[in-house]
Ligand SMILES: Cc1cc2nc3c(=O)[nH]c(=O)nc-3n(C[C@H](O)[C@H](O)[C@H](O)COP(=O)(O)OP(=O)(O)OC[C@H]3O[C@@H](n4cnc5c(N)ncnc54)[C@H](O)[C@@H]3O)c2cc1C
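The chain below stands alone and is given in structure tokens; this is the form predicted alone.
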Amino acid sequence: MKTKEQDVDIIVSGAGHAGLTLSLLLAKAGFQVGLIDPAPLKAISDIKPSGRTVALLNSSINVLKAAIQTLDLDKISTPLQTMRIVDDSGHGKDLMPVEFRASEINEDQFGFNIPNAILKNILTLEVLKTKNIVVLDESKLKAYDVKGQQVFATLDDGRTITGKIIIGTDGRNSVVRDSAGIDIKRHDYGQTALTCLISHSKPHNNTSTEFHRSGGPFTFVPMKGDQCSVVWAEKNEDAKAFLSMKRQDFERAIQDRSHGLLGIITLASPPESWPLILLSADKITGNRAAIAAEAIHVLSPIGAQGLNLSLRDVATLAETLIDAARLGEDIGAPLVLERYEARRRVDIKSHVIGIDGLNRAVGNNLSFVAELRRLGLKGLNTIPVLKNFVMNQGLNPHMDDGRIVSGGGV
């Protein structure tokens, strides 16, 4: 029997990667957390191989380690030691590659690639064994009201939960964001992302390769053994045609786009797809409410920045609330939430604008745009200072260096 009423310190709506991680960070700092999600929250014993993976930078790994001290990366991940970008825009031009090596900025790797489902399963298991997280699964947030210093949340099954603040990690259709009256900007790219898992005859050497093509980016991300996940953006009509292909024709399409980089390619999982949009929230806090992750921003997969940006949201929000509580402040007060918004503003805005601009530039097949892309890559190859700057800003960001992303824990 489900308890009709719950009283916690913090209500979190949305149990994706970001919501699970945030709940763990807050719980480990001593907060009582109520975690709401429409799906059943349970461990999965049989996880099927898939192309859905997350390429996480070192700072994101620090956030996960703060949430799960026993996280064993060797078992689940592949290090990303080299990032390669290749201009493959055609127009009779040869391929234009540029390589970024982690060793060039004195790192062993930029980060790690982890299967999406495996990471979520590990986070779920940790949440289920954490005593001060109250799981309210198979229930959707219906609405919430603020009365004085309390938030009263109503679930669609009639249960209620009260807390000092409500946080929306509930994705692009966030109920918390909409209820808080936060407006969004949304753009449909007219593109579809395709993903699958492949096996190949040549080693990937822990190198992620992103081809820039007129339809959108085409990326190989290394996994354990001689396998990679493929993340492939195409215009909607072209994507439909690829998805309707027979297996060997689909393999041939990937083979053609690989330029022999990985040898002979075979499909190791069925292709999956989702529409590509840009979403950006006008602000990230409301009355005793805050939002994070895809409730704030949904980005193109180019550059693999989405979950990395989300985990920085989560780390900053957790730090802000933890520090406020340690100072004896009201964690839902406007001044506390303003600190979160101020810390995240530049990082979020710069990545939303940057990834949007990059996706539009890569997906543009006008010859002069393609030439500008090639000139940019040539500059990175020939100007070491510029290349180093790009690596530090894009692959080793320092815009919001709190203690959690820096490896200091909660």
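Not measured: the values here are computed from a predicted model. For every residue, the number given is its place in the sequence shown, counted from 1.
The following text describes the form predicted in complex with this ligand, which does not appear among the structures shown.
Non-hydrogen atom contact Gly286 with this ligand in the predicted bound form at 4.5 angstroms = Taking the distances in the predicted bound form, the answer for Gly286 is no, it never comes within 4.5 Å of this ligand.
query = Could you tell me if Ser13 has a non-hydrogen atom within 4.5 Å of this ligand in the predicted bound form?
reply = Ser13: contacts this ligand in the predicted bound form.
ask   = Is there a heavy atom of Leu64 no more than 4.5 Å from a heavy atom of this ligand in the predicted bound form?
value = Looking in the predicted bound form, residue contacts with this ligand do not include Leu64, since no heavy atom lies within 4.5 Å.
ask   = Using 4.5 Å between non-hydrogen atoms, is Ala55 touching this ligand in the predicted bound form?
value = Yes, Ala55 lies within 4.5 Å of this ligand in the predicted bound form.
request  = Look at the candidate spot formed by Asp170, Trp274 and Ala304 and say whether this ligand comes within 4.5 Å of a heavy atom in all three of them in the predicted bound form.
outcome  = Yes, because Asp170, Trp274 and Ala304 each have a heavy atom that approaches this ligand to within 4.5 Å in the predicted bound form.
query = Among the candidate residues Glu294, Glu126, Asp87, Glu234, which is the single one with a non-hydrogen atom no more than 4.5 Å from this ligand in the predicted bound form?
reply = Looking at Glu294, Glu126, Asp87, Glu234 one by one, just Glu294 meets the 4.5 Å heavy-atom criterion.
query = Which pick from Val175, Ala102, Met223, Ile331 sits with a heavy atom within 4.5 Å of this ligand in the predicted bound form?
reply = Here the answer is residue option Val175.
task = Among 103-111, 157-165, 331-339, 134-142, mark the stretch whose residues have heavy atoms within 4.5 Å of this ligand in the predicted bound form.
result = Single hit among the candidates: 134-142.
request  = Any residue of 31-52 with a heavy atom within 4.5 Å of this ligand in the predicted bound form counts; write them all down in order.
outcome  = Result: Ile36, Asp37, Pro38, Arg52.
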